[in-house]
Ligand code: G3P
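Only one chain is given next, in structure tokens, and it is the form predicted on its own.
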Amino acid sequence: MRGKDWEPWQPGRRLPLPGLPRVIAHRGASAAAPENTLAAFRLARERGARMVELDTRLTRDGVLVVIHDSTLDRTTDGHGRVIETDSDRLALLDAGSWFGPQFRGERVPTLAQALELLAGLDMAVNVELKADPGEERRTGAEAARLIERVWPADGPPVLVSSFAEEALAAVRREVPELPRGLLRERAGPDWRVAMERLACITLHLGSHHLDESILRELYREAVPVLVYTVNDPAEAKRVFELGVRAVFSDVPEAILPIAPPLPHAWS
């Protein structure tokens, strides 16, 4: 599918976005397994999630790998910057022991490996583009080409998001039909201009900076808002009541039971 039934946001037009669930597993089931690993993605599926969010960035030799930070230190036994590390060296690192001994030997997957697993699990995916300064365009273009090449045409939706607008613009140039989400901490006064310029489908906002008046405005304008990262069921209930379309969570199994059905306008 690749979100082929999804259309860019248009003011006041509330689109159903088939295949976009209410709860998205943030970096996989990242409260119970090492984030951004194949183990975390499998566990998210076991716990009921139908979509995961993951982060990707380039290595020195131009391979897209699944890791959040610009450095290796926090989530692997390696050191240094990802963009200064070749993929063959990175593939040898342990990305699980920092979380728990039962995950010893878990690796940093390539984006291709992660997409292959998720397609096999019939899971939708939000690929967040991380890019070092100066690498925004290359990251967006490489990710778009890879997704176009490896993701099944009849698979569940793929959504590409980023804080880096240049990366999203590169995705649009490379594979225009690939759905895009604008990622910000706050909506900002220029959210409308940016959404229209990049032909985005969704707007992703941080949970710590939510303004109820802005959320109500976005709902009136029929913007599908996705909020990160919501781990408290009471907070999830609150933001759903404010018209939020979906939430990202480290504990999807805690949020899924309280996620309300989509209102008729979204379904």
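One rule holds for the numbers: they count along the sequence shown, beginning at 1. Keep in mind the model is a prediction, meaning the values are calculated, not measured.
Note that the form predicted together with this ligand isn't included here; everything after this is about it.
- Here the chain stands by itself, but in the predicted bound form one stretch of 50-58, 194-202, 232-240, 208-216, 50-58, has heavy atoms within 4.5 Å of this ligand.
- A heavy atom within 4.5 Å of this ligand in the predicted bound form is found for one listed residue only; from Leu183, Leu115, Ala144, Leu159, this is Leu183.
- In the predicted bound form, this ligand sits within 4.5 Å of a heavy atom belonging to Lys130.
- The closest non-hydrogen atom of Phe103 lies beyond 4.5 Å of this ligand in the predicted bound form.
- For the chain shown alone, Phe163 is a contact residue for this ligand in the predicted bound form, at least one non-hydrogen atom being within 4.5 angstroms.
- Contacts between 58-79 and this ligand, taken as any heavy atom within 4.5 Å in the predicted bound form, involve only His68.
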